[in-house]
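Have a look below at one chain only, the form predicted alone, in C-alpha cells format.
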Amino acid sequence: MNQGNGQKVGAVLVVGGGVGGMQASLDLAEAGYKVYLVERGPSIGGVMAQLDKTFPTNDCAMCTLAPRMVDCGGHLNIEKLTYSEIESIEGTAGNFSVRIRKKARSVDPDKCTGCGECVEHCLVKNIVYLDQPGRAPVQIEESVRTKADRIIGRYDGDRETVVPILQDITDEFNWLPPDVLMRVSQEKQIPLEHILRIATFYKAFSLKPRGKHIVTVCMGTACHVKGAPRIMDRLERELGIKTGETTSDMRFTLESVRCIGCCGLSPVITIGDDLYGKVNPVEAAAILDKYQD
C-alpha cells in the first residue's frame, strides 16, 4: 500500500513460480514492492520448463522462460521461497499474515554449486539394506542359487553391472525372481532399492512370471490406425487372457508396446525375437499355432 508521501510499504505474496508467477513477481518488484515468491517445487520454472515448444507460436519454451528465471533469480526485491507450502492465511485484504512451511532440503542453498554430489549421496535414496543386524540370509533353492551365482560371477564391478546382470537373469528365468534379486544385492553389495528402481524402469524386465513366449502387439500410431486394437482383441480371446497377463500353462504372455519401429510393416506383432508385419486378426491368431509345441 502507499503512504501519504507516496512511499510503498508492506510486501506482496505471489504463489506459484511458473511463468505467470515469475512475470507477476517481476512487475511488482519493478513497481517497488517487496515480493515473496512461494513455489512448492524445489525450483522456479513450473511446467513450462518441461516443454520444448509452445502453442500456437511454436516458440522455444526455454527461450521464453529463461530470461524471467534469470531476472527473478537476481532481483533484489524478490525473495524466492522454493520447496515451500502455505499453511494458513489470516487477516483481510491489504492487511494479512501468512504462515509458510519451508521443507527441509538437507542442503544449504547458499553454498550449493550445482555439482550434483548430493544426489549421489542422498540419505533417502541410498538406503542400505544389507548390513542391518539380525537380517536372515536369503532363502534360495540350490539350483537357482547356482544359476544366479554363475550370472553374477560373469561381471566385475558394482552398480554399472546391474543392467547386464538383470538381462542375463531375464534370459535364464524369463523374469526377475525376488530371491535372485536379493542374491544379486547380497553378492554385489548393492542396495535392493537401486536394483528394483532399474528393474521397474525398463519394460524388458518383469517382476512377475512370464510365459515361454512373449506376444507383443504394437500400438503405435501407424499400427493403431491399421487395426492393432482388433488384433489385440482377437489374441485376448484366443489366449483367454487380458493384456499384461500370462496363460495358466505359462506358455504365452500378452503385452503391448507403443512403437517397434517398423511402421512400414504395420500392423506388427512380435513373438519372442520373431516379427510379423502386415497381419490381420485372423492371421495373428493362426501365427500362435506355430508356438503351441
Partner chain sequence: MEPYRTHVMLCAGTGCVSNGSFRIKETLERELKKHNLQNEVAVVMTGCNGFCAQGPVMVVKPDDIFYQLLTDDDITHLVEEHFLKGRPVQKLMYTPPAEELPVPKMSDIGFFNKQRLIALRNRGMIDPEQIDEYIARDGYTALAKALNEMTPEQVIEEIKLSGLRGRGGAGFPTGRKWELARAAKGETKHIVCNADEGDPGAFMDRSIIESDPHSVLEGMIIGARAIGASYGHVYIRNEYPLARERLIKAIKQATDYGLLGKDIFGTGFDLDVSIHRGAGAFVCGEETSLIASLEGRAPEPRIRPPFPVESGIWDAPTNINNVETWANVPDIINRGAKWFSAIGTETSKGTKVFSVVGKVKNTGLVEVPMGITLREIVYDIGGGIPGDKEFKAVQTGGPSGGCIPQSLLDLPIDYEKLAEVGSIMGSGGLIVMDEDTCMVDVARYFLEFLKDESCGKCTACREGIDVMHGILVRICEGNGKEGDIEMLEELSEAVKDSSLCALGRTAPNPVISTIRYFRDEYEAHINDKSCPAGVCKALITYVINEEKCKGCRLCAKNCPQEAITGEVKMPHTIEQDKCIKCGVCFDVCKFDAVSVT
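Positions refer to the first chain, counted from 1. Source: prediction; values computed, not measured.
Although it is not shown, the form predicted in complex with its partner chain is what the next lines describe.
- 194 is the sole member of 194, 147, 183, 213 with a non-hydrogen atom within 4.5 Å of its partner chain in the predicted bound form.
- The partner is absent here; in the predicted bound form, the one residue of 222, 152, 140, 176 having a heavy atom within 4.5 Å of its partner chain is 222.
- Annotation: in the predicted bound form, residues 33, 66 and 105 none come within 4.5 Å of its partner chain through any heavy atom.
- Contact check for residue 81: no non-hydrogen atom falls within 4.5 Å of its partner chain in the predicted bound form.
- Residue contact with its partner chain in the predicted bound form: residue 48 places no heavy atom within 4.5 Å of it.
- Using a 4.5 Å cutoff between non-hydrogen atoms, residue 250 does not count as a contact of its partner chain in the predicted bound form.
- When its partner chain is considered in the predicted bound form, residue 259 lines it closely, a heavy atom lying within 4.5 Å.
- Stretch 213 to 221 is the answer when you ask which of 213 to 221, 111 to 119, 85 to 93, 72 to 80 has residues with heavy atoms within 4.5 Å of its partner chain in the predicted bound form.
- The partner is not shown here, but in the predicted bound form the stretch 44 to 62 reaches within 4.5 angstroms of its partner chain through a heavy atom at 53, 55, 56, 58.
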